[in-house]
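In the block that follows, a single chain appears as structure tokens, in the form predicted alone.
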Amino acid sequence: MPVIKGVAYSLVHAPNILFHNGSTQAMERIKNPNSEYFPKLRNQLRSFDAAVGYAPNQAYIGNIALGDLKAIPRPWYDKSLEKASRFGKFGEIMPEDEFYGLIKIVDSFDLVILEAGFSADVKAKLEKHELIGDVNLARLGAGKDAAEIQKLVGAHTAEGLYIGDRLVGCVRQAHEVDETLSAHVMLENLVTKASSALVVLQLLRNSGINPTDVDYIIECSEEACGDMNQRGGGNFAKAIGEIAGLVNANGCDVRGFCAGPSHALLNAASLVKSGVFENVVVVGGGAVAKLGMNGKDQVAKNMPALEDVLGTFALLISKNDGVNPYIRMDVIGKHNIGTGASPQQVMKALVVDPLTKLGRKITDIDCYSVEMQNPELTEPAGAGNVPEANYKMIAALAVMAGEIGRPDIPAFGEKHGLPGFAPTQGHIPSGVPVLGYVREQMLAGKINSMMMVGKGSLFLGRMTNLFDGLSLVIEKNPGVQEEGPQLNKETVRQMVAEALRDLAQGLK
């Protein structure tokens, strides 16, 4: 039974990347460069302290329990938690200036240029970081003159890196005509690589594993690196492992839109279950495009631009240690090609069908982790409370199965559900944010089972109209079971010989 031996969750506060590079903002700038949206957005960007004090962000890095988050009245954005910390037991919330330094550190092709004074300031900060300090800070270099950076940005051969109105660096294009190596794409890819490297370093610390003991890495973000001859050729996984010192690991990238982490986790668990590898890291980095995705709606309602953080996660999947929660490999919920696309059909395939194979009822699972988007990010855009809608659908299936009554639907969500708290980073909210919390609960003996339900919208790629989905059952580890008396080869040989003699006599 493969187990979840370690977890890490981190956020990167990136309001300026949101303003200049988020897809919603980039499209608005092309269609309407003088849009009144931009000055309003600028005024409604949050400070780093405000992002740190935001309750869902504190829950994401493990400083408050999800039950405690549920008890805080909404809206959450108009409250700041007292004594909120940048660092949590799962990870951290990194400020944007330090993250620019990290982007430079992970840059292998000298595409990132930082202004000299800014570079010196960031280096002084990163030297104090308990994880980054060991990384090759010399790669930050001395920096360049601001005029040189301005020239590159002005010529549209580089994307600027800003702190407010100050241009502090840039990311250069990697090719003159290849759009897949444009400055914008290289910025997106380096952000994914840097944020992933950060969370893998935190996973190593949290789990205590020696970096040399990691065998394989599966990266499952929503970006794809390559060039014009192989746009999604990869490999983010090995690039991240190189930075994190995973010198004995190989790896690959797995893509599945929002369901990507579920597929990656299944692949990792299968590799461990089969005995091919003992320790597999699953990692997902942040998505630049999703920053400020619903920004127009939030700004129109005089809310802060809440989609200002890049989400990351990393999991360590290892062979059974008799302690950590294990992933059941005898039953997997999956959305088959022929399943159909209605919400009821999707949820039946992912929840009811695998539980039926196990001989269990829907109500037998203690906790369901679905699409865990923070509702304060989705409700202003008219998408509603996504986790709540998922729990209602699961409860409706329980009603159809005669497990609960229709009036019990709200109570089902309270008992088996959790509040949405994850940033709308596409793949990040889909099932995986809850695993850190659930692992703690199982280790403490408070819950016994959970189902992680990941779903994806494949139609976004314009190749198929299909949805996608995958679910996994995770359970409290019963401990290593004592084995019965072992039989040696000679004893087995004698038993077989006696059985054959008995059979021969019977035939006579």
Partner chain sequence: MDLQIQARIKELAEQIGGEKIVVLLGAAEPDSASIAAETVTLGDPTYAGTLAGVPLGLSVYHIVEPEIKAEVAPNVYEEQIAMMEMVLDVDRLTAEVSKMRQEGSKF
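Positions refer to the first chain, counted from 1. Quick caveat: nothing in here was measured; it's all calculated off a predicted structure.
Just so you know, the form predicted together with the partner chain exists too; it's not on screen, but the next bit is about it.
Residue (of 128, 83, 156, 406) lying close to the partner chain in the model of the complex, criterion heavy atoms within 4.5 Å:
Contact check passes for 406.
Within 4.5 Å, heavy atoms only, which of 181, 254, 132, 393 is in contact with the partner chain in the model of the complex?
None of the others qualify; the residue that does is 393.
Among 109-117, 433-441, 381-389, 246-254, which stretch has residues whose heavy atoms lie within 4.5 Å of the partner chain in the model of the complex?
That would be 381-389.
Would you check whether the partner chain, in the model of the complex, lies within 4.5 angstroms of a non-hydrogen atom from each of 229, 231 and 464?
None of them does, since no heavy atom lies within 4.5 Å of the partner.
Taking the partner chain as it sits in the model of the complex, is residue 270 near enough to touch it, meaning that at least one heavy atom pair lies within 4.5 angstroms?
Heavy-atom contact with the partner chain at 4.5 Å: absent for residue 270.
Using a 4.5 angstroms cut-off on non-hydrogen atoms, would residue 349 count as touching the partner chain in the model of the complex?
Because no heavy atom of residue 349 falls inside 4.5 Å of the partner chain in the model of the complex, the answer is no.
Taking heavy atoms only, is residue 355 within 4.5 angstroms of the partner chain in the model of the complex?
Close contact is absent here: in the model of the complex, residue 355 is far from the partner chain, nothing within 4.5 Å, heavy atoms only.
Is residue 141 a contact residue for the partner chain in the model of the complex, using a 4.5 Å heavy atom cut-off?
Result no; residue 141 lies far from the partner chain in the model of the complex.
Sequence order please: the residues of 328-356 with a heavy atom within 4.5 Å of the partner chain in the model of the complex.
Read in sequence order, the residues that approach the partner chain (within 4.5 Å, in the model of the complex) are 342, 343, 344, 345, 347.
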